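Single chain ahead, written as structure tokens, the form predicted on its own.
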Amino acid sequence: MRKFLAIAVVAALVLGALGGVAAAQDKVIKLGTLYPLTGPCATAGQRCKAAVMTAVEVINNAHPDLDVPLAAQEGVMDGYKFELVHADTQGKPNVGKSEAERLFNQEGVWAILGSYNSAVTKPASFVAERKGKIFMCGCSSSAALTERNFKHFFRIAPTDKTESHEFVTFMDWVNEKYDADIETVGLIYENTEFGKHAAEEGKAAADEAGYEVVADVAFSPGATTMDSEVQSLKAADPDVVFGACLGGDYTLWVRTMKKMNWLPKMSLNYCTGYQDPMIAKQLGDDGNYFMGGTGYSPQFADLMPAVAAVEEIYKEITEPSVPFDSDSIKEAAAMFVLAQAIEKAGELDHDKVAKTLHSNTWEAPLTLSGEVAFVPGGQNELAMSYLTQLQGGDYKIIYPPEVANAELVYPMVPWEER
């Protein structure tokens, strides 16, 4: 079954593979995807690519058993099918920008989805905006992306500004409920568009809430050591650390803290390696008791009942087979929203589809809120995540209290007691 479905998906997405009927060829909407398919974030990028492929498989073909938009029909606008053209950013802004230009100018794509790394999304989406074409972003989180007043840029995920305010609100709650005596904050972040803006938003939120920022530590992504960075954190010894470390950098950060036998009382992480279930599995018990914002985990199944059936298709496409994670599912949600907008607009005029995106609320069962609505600049004002804590390798919901399924472990369990 797995082999059959994988072949079917590939066949459905290859341009002109059937070389067939002229009418079918005329009803093709080419979309570009931009993800880091190689480099330090390749695993996350490959999963984001598979998520968009999953959504396109559902939209292009009739899946009446699925409770997601457009699943019961084939394609949009009376038979248009989506065709994907994939590009590799390598996680590099200059590569992402040039690939965006190639996708539009040479491949003739109608819109682009991507790019995972905020540092790549920023210049790549500028290319789309300059051309008056749509850029649909699933999981890049830099708040600055939707503060440019772009007309054709849309983002599904919460921003780092939103998460920063969630962090301090949560810290207030922990202080009150657990008499936790949290007073100080440390920041550690990659020196990129994503990391720098996350740190700025974290510092602003902490200052506003009355917490003292006692450490501000940047690092270059892909570094082979983080000894000096962790030593700086350890010397300042903040009660809470806000982390913005992607992929392997997150793993290195956690393992370096263990090597130096230091932990804060609490670690709150943006959309980082913390959210990656494969990294959590690799870290094993070392990954437990860290926390962060989470938009999806298989442990959320009861809260998002429509996901499971779609996830089975995703598992058939990914190699090795994995469930959705918090980032990849946002890319699938982005594809479903874009397709709904095209269907509703009834034509492929970019300005009309952009206006349609802005003026409606969209069904989005692959998001926690269940709906998506964009404000000027393209931010999804309904974006949300829950604060989770890794316990026994599972993402347990800790906050808000009305949906929590586990008690907070505070402070973090010291290395020598695990």
Partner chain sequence: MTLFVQVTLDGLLTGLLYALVATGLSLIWGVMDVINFAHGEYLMVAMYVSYWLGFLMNIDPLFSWIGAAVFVFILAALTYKLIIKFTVGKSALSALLATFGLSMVLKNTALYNFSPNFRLLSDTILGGKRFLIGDIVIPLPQVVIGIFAVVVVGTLFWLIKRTRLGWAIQATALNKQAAELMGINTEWIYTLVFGLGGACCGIAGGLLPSYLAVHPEVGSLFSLIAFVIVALGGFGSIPGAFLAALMIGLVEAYSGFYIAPVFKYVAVFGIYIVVVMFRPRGLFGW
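Residue numbers count along the first chain shown, from 1. Computed from a prediction, not measured in an experiment: that's the story for all the values here.
Keep in mind that the form predicted together with the partner chain is not shown, yet the notes after this line are about it.
The contact residue chosen from 227, 208, 302, 176 relative to the partner chain in the predicted bound form is 227, the criterion being a non-hydrogen atom within 4.5 angstroms. A heavy atom within 4.5 Å of the partner chain in the predicted bound form is found for exactly one of 186, 264, 277, 247: 247. Among residues of the shown chain, residue 222 is one whose heavy atoms approach the partner chain to within 4.5 Å in the predicted bound form. Taking the partner from elsewhere, residue 213 is found to have every heavy atom lying beyond 4.5 Å of the partner chain in the predicted bound form.
Contact annotation: residue 180 falls outside 4.5 Å of the partner chain in the predicted bound form, judged by heavy atom distances.
The shortest heavy atom separation between residue 86 and the partner chain in the predicted bound form exceeds 4.5 Å. With the partner chain omitted here, the record of contacts in the predicted bound form names 232-240 of 232-240, 340-348, 69-77, 307-315, defined by a heavy atom within 4.5 Å. Although the partner chain is not shown here, in the predicted bound form the stretch 37-64 places heavy atoms of 37, 38, 39, 40, 42, 43, 46 within 4.5 Å of it, in sequence order.
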